[in-house]
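Shown next as structure tokens: one chain only, the form predicted on its own.
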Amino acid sequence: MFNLVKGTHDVILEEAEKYSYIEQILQNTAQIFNYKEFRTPIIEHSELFARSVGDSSDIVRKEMYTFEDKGGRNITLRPEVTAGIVRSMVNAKLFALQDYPVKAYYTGPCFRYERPQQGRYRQFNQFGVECIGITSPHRDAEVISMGYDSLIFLGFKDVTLKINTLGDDESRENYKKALKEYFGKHLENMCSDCKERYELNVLRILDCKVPEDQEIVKNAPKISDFLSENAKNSFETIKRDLDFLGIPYEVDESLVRGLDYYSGVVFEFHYVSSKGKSYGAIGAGGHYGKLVAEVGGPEVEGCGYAFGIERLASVMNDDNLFEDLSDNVDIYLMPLGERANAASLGIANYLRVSGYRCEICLENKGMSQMFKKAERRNALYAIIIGDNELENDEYVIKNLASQEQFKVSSDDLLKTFDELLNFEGKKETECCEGDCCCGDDSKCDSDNDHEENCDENKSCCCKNK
């Protein structure tokens, strides 16, 4: 028996379906914002991350999986994807060939050597977007709004958006000087990581998680006191846009994010499940000014964000946001005999290409055993196929919930299931005679307007109540 490597996990069966569901909604959201899919390698040259993510970040200092390959090259399993996306754009000369901004989305695994915990693994899956070639803070606001919309489309409610600005070069340099002066007076009482961050990038101290150090951070200078006029105006523009879009936010001046390439606006999406469990940031991102040039591209700026699929799946499980994700089998085929086995393969294929989820019992089981297998797969209908059915070119269909069964000719098979399964989905839109609170006993379809006469305090069969 081989066990999992610590910090990794298998994503199988229902969990895998949930991951696919999340990824599909995130991808669909990116596509309606006209983003294009990018797939970059899991391994990159280690220097790419040292230059882009930054030597002062915890990722580069502590968490990267780095090794020397057989050619003597220093290779790293990607700890994040943004650097690889930008590298691919530079290599493909997209900044010369396409109008700005260049928009990319991605999905895939990343690797960080950190302490495994709830919803956090050493191999984890990320979805993210990058919008590069930005010349206006309005574009930053659009990127933030896309991330917020993505969570709403997934069913999240009461998302807390935290934002801050790291300002422009002038603002940050003045701010760093003030932080150096402040933390220099407290450094001997702070953790070893903070002492190292003080030398490499003093901004990183603001992100320290040690409780005693957080108390010191509370009284540190604020970036808002050091912003240039341009930086202030950009941040105010983003906040006005978010106000206009109706996206609630909190300004958190301690928010700096863990990657050195960020400048300008940074943001995090926070969420507490209905059970009261806090997951911290379930997604985050920000603006970057020099990353593209660091990777060998032109002097253009960008903005992006990423979501951890594991974290999204965990909180969605907690809040039952997968309730519409059904693993039902539409049709379970029950062949009786070798000839029926062969025929059922063709019938199942016909129904599958028509969009129905089908399963077949090909193990020569008895009827009672096949019904049990259909029940375990949550099948809605069964098709019973024997020699008599094949001779008469007809099949027995059984509703596994009501136990009703009837015969259908092979020519009418698809039409019958179209009607049956569509009927199952439309029952809620029909009015029940004598039950409508508006007093109209007639049948109504979903376009009927008698919602105008409905009393909200009474039950109404009309879909538009």
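All figures in this text were calculated on a predicted structure; none of them were measured in a lab. Sequential numbering from 1, following the sequence displayed.
Although not depicted, the form predicted in complex with ligand HAM is the subject of the following passage.
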Checklist entry - For residue 130, is any heavy atom within 4.5 Å of ligand HAM in the predicted complex, or not? => result yes
Next on the checklist: Does any part of residue 384 reach within 4.5 Å of ligand HAM in the predicted complex? Heavy atoms only, please.
Outcome noted: no
Checklist entry - in the predicted complex, does residue 257 have a heavy atom within 4.5 Å of ligand HAM? => result yes
Next on the checklist: Even though the partner isn't displayed, in the predicted complex is residue 112 close enough to ligand HAM, meaning a heavy atom within 4.5 Å?
Outcome noted: yes
Checklist entry - Okay, which stretch from 351-359, 279-287, 178-186, 231-239 lines ligand HAM in the predicted complex, with non-hydrogen atoms inside 4.5 Å? => result 279-287
Checklist entry - Exactly one of 167, 147, 84, 304 has a non-hydrogen atom within 4.5 Å of ligand HAM in the predicted complex; which residue is it? => result 304
Item to check | Position in contact with ligand HAM when the complex is considered in the predicted complex, options 106, 395, 332, 271, heavy atoms within 4.5 Å | outcome: 106
Next on the checklist: 120, 126 and 261 - do all three of these have some heavy atom no more than 4.5 Å from ligand HAM in the predicted complex?
Outcome noted: yes
Item to check | Contacts with ligand HAM in the predicted complex, stretch 237-256 (heavy atom within 4.5 Å) | outcome: none
